[in-house]
Structure formats: structure tokens, C-alpha cells
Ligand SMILES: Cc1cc2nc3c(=O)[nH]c(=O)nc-3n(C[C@H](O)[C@H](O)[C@H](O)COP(=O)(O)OP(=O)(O)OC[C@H]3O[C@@H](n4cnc5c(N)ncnc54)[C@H](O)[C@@H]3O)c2cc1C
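In C-alpha cells, the next block holds one chain alone, the form predicted on its own.
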């Protein structure tokens, strides 16, 4: 079934950082943080995604400090503003600096296309991608939270761990001391992400053997207690595409690393080889999103069975508070 893809990767691993505090602060197994720290300690730069100060958008930044990479922690499920990131990276590389770049497979490919040549001191990490949702979904939800709590957001996550790896929670902390926490896929944001992605994501060509990074990382979905690499606080999938990437992975300290197989990783991560599929609600949801906003679009595009389950959930939740 996977024979045509197996030769693309030279190694497949499962892994996680040993430090429990670090592990709980990361989306999956913390391998991205471990890689970033290694590069910073070697005097290099890391390019990753953070939120703007008002959390209205996700954008690229570059740092050469350990404090700076803290902003890159956590998954961002929305399209990212690139700005001048490619040009900035090219300048650093031409000056002889080592750069570690994190991005979706299409973004890694775009960076390589922009640079027009390979650099030995550039390490690219593509992320297992399910297709980011549109910025309108993100902005509408941030606006909703800000208005609801009448306060500025000071911390935001779409995949916060609450005592264990799964399920992931949408979490927001506010300047007034209040906070919001709900299972991600129980929120309107979660619904929007599951239904709508960028148009190109439905015919993405940066799959299968067309992955251009040195390393691919993501959640090790399907990992369980029977696996020797199981950790209830998170496990990362690691597919190594190049010797340069493998050397870097094997240089990591303070992580647990286990060899596994491509087949095992892709079994619950089919987006490694297949683009996102179109859901029946997509067309209606997308149309309503730009006319009436996220919450109206969710309410009027969600299928009846899903709406009934949502009502039951709210009744049970409210009853439990009485």
C-alpha cells in the first residue's frame, strides 16, 4: 500500500523530550523545541511561527535566543503571514549563519524555490499538515473571545494540553485574569478548521515523495500504551529525509528516541501522502463565513445530527454546573 513512498525517508522515529514540563508545554513530543534549542546553542537562528501581539494573525519571525523560541511553541491552525521571511533567511545564509526553518510542506518548498540553491547550513523541517484554515475563522474567534471577556488576550492556544496529550483544548488567558478553555473540536473555531482550508490544500502536491524538507515532524497519532515509545503527555512522529536531517536528530540530547516505520506513522497520519478531502458542508460554510461571519456560518451549515449532539452536550454541561 505504501511501497511507492517508503524509499523517500532514510529513517523513521518516534520521540519526545524527557523533561515533563517541556513536554506539557509543547503540542506533541517537543521535538521542534529540542531542535530549536540545539541550533541556538550552536550560534544559529530559528525561523518559526508566532502570533501577533493582538493574536489576530499568525506570522513568521526569526530569533537567535532561547527566549525567542518560546513564542514558537504550539500549533497554529491558520494560514500564516510570510512577510519578508524568505529574504531575511537568504541574507542570514549568505552571511554564513546556520538557519533552522519550520514550515508546512508547501512553505518549505516555496523557501527552497526562492533561494534557488541549497545551503549546507540551512535545515528545513516540514510539519505534518492537515491544511490550515482561513484567517477569517481565526480572526472571528479571537474577536468573539475579546468581546466576551472584555479584555485583551495575553495567551492563546488551539492545542493546549490539560493533564494529557489528548484531547487538545482551545485556551485563552486574558489581561483581567479570566480564562477560557474548551475542547478544540467542540468550539466554532474547531468546526471551521475541520471544514474549511485554503483552496490549494484540497489538491496539495507536496505530499508523498514530494516533501522537500530535511525532516518532517508531527503528532504520532495512533501511539498507544502497547508501544515502547508511549508517553501520555505526547509523542512526536519524525520522518528524516536527508543525512543532514538525521545527523541533527541524532545530535539531540535530553530526548527519548525510538526507531519505527513509515507505515506505522502514516497509518494515522494519512495527510502525509493524501491531500485534505472536501467535506459536504464546505461550500455552504465558506459562503456564509464571508457574508455573515464564523458563528452564523457554523450554526447554519452544521448538519442536523451534529447540531443535536451539540445541544445535548450543552445541556449536560449546564446541568453539571447546577
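On a predicted model such as this, the values are computed, not experimentally measured, just so you know. Numbering follows the first chain given and starts at 1.
One more form of this protein exists, namely the form predicted together with the named molecule; it is left out here, but the text below deals with it.
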Heavy atoms within 4.5 Å of the named molecule in the predicted complex: which stretch in 78 to 86, 173 to 181, 141 to 149, 246 to 254 meets that? 78 to 86
According to a 4.5 angstroms non-hydrogen atom cut-off, is residue 128 in contact with the named molecule in the predicted complex? yes
In the predicted complex, does residue 219 come within 4.5 Å of the named molecule, counting heavy atoms only? yes
Indicate whether residue 73 is a 4.5 Å heavy atom neighbour of the named molecule in the predicted complex. yes
Given that the named molecule is not shown alongside this chain, does residue 33 nevertheless sit within 4.5 Å of it in the predicted complex, heavy atom to heavy atom? yes
So which of 102, 169, 229, 119 reaches within 4.5 angstroms of the named molecule in the predicted complex, heavy atom to heavy atom? 102
Heavy atom within 4.5 Å of the named molecule in the predicted complex: which of 26, 266, 288, 39? 26
